[in-house]
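Have a look below at one chain only, the form predicted alone, in structure tokens format.
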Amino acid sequence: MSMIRAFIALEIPPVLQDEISRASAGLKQKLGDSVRWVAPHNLHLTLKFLGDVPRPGLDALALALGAELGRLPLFELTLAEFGVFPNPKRPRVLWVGVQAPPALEQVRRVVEACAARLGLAPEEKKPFSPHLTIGRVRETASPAGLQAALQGFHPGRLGAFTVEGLRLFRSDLRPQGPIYTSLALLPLARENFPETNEVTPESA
């Protein structure tokens, strides 16, 4: 049986993907290829990485999530500020922050619960820190150069948007970068989708 590398995430509206790209343009110019930059159209907020899963398992997960998420309300996320993992002295991951209400954690718990019922391993027990990864530092990058460039980067508030649902994505790794394909739309708030609350399948 063929396996599909997949994850569940919140999409970022194109207008905010463009805003993040605009805000980080100066940083990209300073750091260049010392960082593997995430393409703007690939920016998303991952709620759970599933790994390699057979297609029937993904279909079952999508159906379970479709039923559970449809009971939860829409909510708003704000994109603001900037940070690095693990620390400013040795940055490995560059990210934009996500300011979220308790509703995001509720959604994440539903995702974990549905995945666990289908035998998918839970995430490591560490605090959930919502963020958008915008770049990953290469091993050859100069720590001093990174610190100097990052010191003046303070993008502030980048915008907000209403979360209307999640997506189940397929991830295909390619030398030029990953390709993400939407497999299913998982809407929130049944009353806001009067025609149907079923999972909307999309071409793989």
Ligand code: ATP
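Numbering starts at 1 and runs along the sequence shown. Here the structure is a predicted model, which is why all the values come from computation and not from measurement.
The same protein also exists as the form predicted together with adenosine-5'-triphosphate; that form is not shown, yet it is the one meant from here on.
Enquirer: So in the predicted complex, does Gln147 come within 4.5 Å of adenosine-5'-triphosphate, heavy atom to heavy atom?
Expert: It does not: once adenosine-5'-triphosphate is placed as it appears in the predicted complex, Gln147 has no heavy atom within 4.5 Å of it.
Enquirer: Going by a heavy atom distance of 4.5 Å, is Ser142 a contact of adenosine-5'-triphosphate in the predicted complex?
Expert: Flag for Ser142 set to no.
Enquirer: Answer for Thr46 alone: is it within 4.5 Å of adenosine-5'-triphosphate in the predicted complex, judged on heavy atom distances?
Expert: Result yes; Thr46 sits at the interface with adenosine-5'-triphosphate in the predicted complex.
Enquirer: Classify Pro178 as contacting or not contacting adenosine-5'-triphosphate in the predicted complex by the rule of any non-hydrogen atom within 4.5 angstroms, answering yes or no.
Expert: Result yes; Pro178 sits at the interface with adenosine-5'-triphosphate in the predicted complex.
Enquirer: Counting only heavy atoms and a 4.5 Å cutoff, which of 62 to 70, 170 to 178, 25 to 33, 155 to 163 contacts adenosine-5'-triphosphate in the predicted complex?
Expert: Correct option: 170 to 178.
Enquirer: Counting only heavy atoms, which residues in 87 to 107 are within 4.5 Å of adenosine-5'-triphosphate in the predicted complex?
Expert: If the 4.5 Å heavy-atom criterion is applied to adenosine-5'-triphosphate in the predicted complex, 87 to 107 yields nothing.
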